[in-house]
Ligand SMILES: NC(=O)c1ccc[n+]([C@@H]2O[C@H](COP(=O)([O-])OP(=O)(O)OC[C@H]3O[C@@H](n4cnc5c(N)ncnc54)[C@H](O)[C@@H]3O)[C@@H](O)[C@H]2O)c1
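Next up is one chain by itself, shown in structure tokens, the form predicted alone.
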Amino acid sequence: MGASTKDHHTVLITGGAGFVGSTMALKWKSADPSRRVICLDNLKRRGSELNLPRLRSAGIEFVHGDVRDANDLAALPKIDLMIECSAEPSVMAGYGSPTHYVTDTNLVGTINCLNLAARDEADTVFLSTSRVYPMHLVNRLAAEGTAQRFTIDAHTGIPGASAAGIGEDFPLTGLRSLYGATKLASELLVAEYAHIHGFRYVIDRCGVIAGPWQMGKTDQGFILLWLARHHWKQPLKYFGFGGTGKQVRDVLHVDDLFDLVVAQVASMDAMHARTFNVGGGLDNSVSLQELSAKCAAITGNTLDIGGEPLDREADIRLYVTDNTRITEATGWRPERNIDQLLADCHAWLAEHEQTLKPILG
């Protein structure tokens, strides 16, 4: 890998009070206290305000701003590196009315961020999503498997699909949700802006990310939601695919994502203009049934989980990331398994129980 020659003294993290953004900011600052780290966030998501004292105590600058407002970004000082974590991350947010927050944040917001990157010729890490891949093709990969989970059908003949999961050559033709469409469109915009304005970039198509300080919801952050519901003995239900909880995702610890971004930024010449699928991989995949058993074991609370057999819009049976390309390019691979992830999250829940219960309980 070629090394980066750019001094990343000033780092901007958009969506910087969110789960991924705040984790990135704190770890960047901890790795080099002399580095200037700026977080921009509109604090729309409940729970993001809890990160402000953590950021400030670490010496991180917080700007209450919105990527949808070009003036908020134009007012920022010169930056050397942008980690673009801002998004409306909910797949379900694009269904029903209104939908303008999804499009304005994930498209207009991207454009405003790219204008800033162009202004300063800042290296850019754009966090995209596995949801760029069409739902109908992804769902073709799920075989019946066992009573506990769907498994991968490696014989579908779909390019980019294998027993290891979904790779970067998986087809992009088809419907993917408004969320997925805006992120795919943003990927194209990143490439065009970088070509025109001469800055370096890398795109990471992330699967499910989880870890402490994630304010889990049913449609985004389900690992924390599942664990929190078990912790506080709150109701849960399996939705879709017969209501049995066999649907599968691979899960990446947020600390592993940070390790990857550090490696990419350190080698931006080699990473420039490349797109990678990034996730927990097959070894870190789990069905909802299996997740329920793990959450019961760690909390000591077993729930009577109901089932809704009808599929919902935009639900998928199985998604597993094939990390082959990113591992070959960087040597990176996930180091933290699901059991460690759940242990870290449960310790966090226990430590901040009274603060978190109104949000997650």
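What you see is a predicted model, and the numbers here were worked out from it, not measured in a lab. We number the residues from 1 along the sequence you see.
We do not show the form predicted in complex with this ligand, though everything after this point is about it.
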Task: Residue stretch of 205 to 213, 147 to 155, 91 to 99, 134 to 142 approaching this ligand in the predicted complex, non-hydrogen atom distance within 4.5 Å - done: 205 to 213
Task: Proximity of residue 268 to this ligand in the predicted complex, heavy atoms at 4.5 Å - done: no
Open item on the list: Although the partner isn't part of this model, could you tell me whether residue 41 comes within 4.5 Å of this ligand in the predicted complex, counting any heavy atom of the residue?
Closed with: yes
Open item on the list: Taking this ligand as it sits in the predicted complex, is residue 294 near enough to touch it, meaning that at least one heavy atom pair lies within 4.5 angstroms?
Closed with: no
Task: is_contact(residue 342, this ligand) in the predicted complex, heavy atom dist at most 4.5 Å - done: no
Task: Residue among 317, 27, 68, 35 with a heavy atom within 4.5 Å of this ligand in the predicted complex - done: 68
Task: Heavy atom within 4.5 Å of this ligand in the predicted complex - the one residue of 87, 166, 122, 286 that qualifies - done: 87
TODO: Within 4.5 Å of this ligand in the predicted complex, which residues of 176 to 200 have a heavy atom? Give them in sequence order, or say none.
DONE: 179, 183
